[in-house]
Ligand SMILES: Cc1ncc(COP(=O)(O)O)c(C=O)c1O
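The chain below stands alone, shown as structure tokens; this is the form predicted on its own.
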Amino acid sequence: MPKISLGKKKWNKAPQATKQRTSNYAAETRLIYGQPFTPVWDYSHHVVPPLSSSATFRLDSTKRGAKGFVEFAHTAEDFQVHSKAPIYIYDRLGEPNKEILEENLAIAEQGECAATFTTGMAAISALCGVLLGSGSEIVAHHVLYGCTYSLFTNWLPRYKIKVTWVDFNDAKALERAISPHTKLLYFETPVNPTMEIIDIQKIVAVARKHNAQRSKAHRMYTAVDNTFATPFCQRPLELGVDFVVESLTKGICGFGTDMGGVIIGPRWSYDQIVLYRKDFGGVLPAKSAWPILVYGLPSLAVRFRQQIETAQKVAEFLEKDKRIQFVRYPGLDSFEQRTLAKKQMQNYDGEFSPGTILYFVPKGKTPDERHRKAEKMVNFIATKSYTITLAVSLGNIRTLIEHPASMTHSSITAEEQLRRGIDPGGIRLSIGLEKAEDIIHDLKKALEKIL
């Protein structure tokens, strides 16, 4: 095969003049425009990026095809290529819509690069596949989204990857859990569904302390699932985390129409992650990337400002009702970790942004009683409410309610849920764009009829 000339890798980088121009504008504005210059696709005469609908791409010569394969997802860290724009070959390798979306997601999270996937779980699986190997270990916070818990308990052990569960807010327990084989500290904040907050900077400090005694090959990484907060409310990379994963299906898409996931992290990881994506699949379709790029991400700020305002009103209403045992929402004065939440949950203007998710429990003397009341209330809302929909997912423009114990976290046994702090009567409420008064009206009806 003829030798292919290699040089500096230039795409995914805007010219210096462009960087200087964009630095003068607010981050919320950049969610709409992204990079004003991108070699991924020249659409300078389009107000909206066109929808790419080709699964495969025409090549002018075998030499160009060979060059495209050489450039794609190389594994050598010092390997660089000189293309002014990527050579597209096949959708699974790369495609304009999702690569423009990736550029914009990296901007949103203040990261160096982003790689998209079909779902959030595909992104989490890919991150584990790239960072871990047989014999390595994960230390994870003891409460995680049910499907992540299932991945860590049912599947990773088959590859001889050990998972140790610990309370990340217990510094001594976390230190005891870390071994020489620990390669990843993994957590969510706020935690799904309990709304517990994890101190990101403390976890980063623990990793740095251990890495000071380790070689580069044995480095321990940190990763945060930022789905509940979205980059509008929180940017863990700014606080020192190595990787962020998110379900694009939720707040970033916002309209409940398309699934997706993303990993955002350091530039060196990009090629390894997209190589894994190419080999294992899980590629985000262009027809899903396009609406998230055009509708979802650009509207994130305006949607979340309104939804947070409504969530505060709904949380305050529920907290005052004597039939509710407790409400957890970072915006409430009664929230136990409010100081920490205010420190790390901030929008692009530095304003406290406590998110759009509430967790509350009906009053009951026993776990079984609370469980029965929660199911009864949710079932009533499912058939009688106009503004609240019984459905999994979150971050939607419609208010969604669900019962984690029997739904999203059902892969965890009832006994284990209790041990990990998930109340059997817990109800998760994701606030949408409806008027706060209308949501409260429907909640009142449910409380009057059921509790």
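Just so you know, these numbers come straight off a predicted model, no measurement behind them. For every residue, the number given is its place in the sequence shown, counted from 1.
There is another form of the same protein, the form predicted together with this ligand; it is not shown, and what comes next is about it.
Screening V224, L101, I124, I252 for any heavy atom within 4.5 Å of this ligand in the predicted bound form leaves a single hit, I124. Listed residues N97, Q307, S247, T230 were compared with this ligand in the predicted bound form; S247 is the one with a heavy atom within 4.5 Å. Picking from 175 to 183, 369 to 377, 252 to 260, 87 to 95 the stretch near this ligand in the predicted bound form, with a 4.5 Å limit on heavy atoms, gives 252 to 260. Using a 4.5 angstroms threshold between heavy atoms, S269 stays clear of this ligand in the predicted bound form. Looking at Y145, you'd find a heavy atom of it within 4.5 angstroms of this ligand in the predicted bound form. Taking the partner from elsewhere, E188 is found to have a heavy atom lying within 4.5 Å of this ligand in the predicted bound form.
Proximity of G331 to this ligand in the predicted bound form: non-hydrogen atoms within 4.5 Å are absent; the residue sits far from the partner.
In the predicted bound form, L394 is the single residue of 375 to 404 with at least one heavy atom within 4.5 Å of this ligand.
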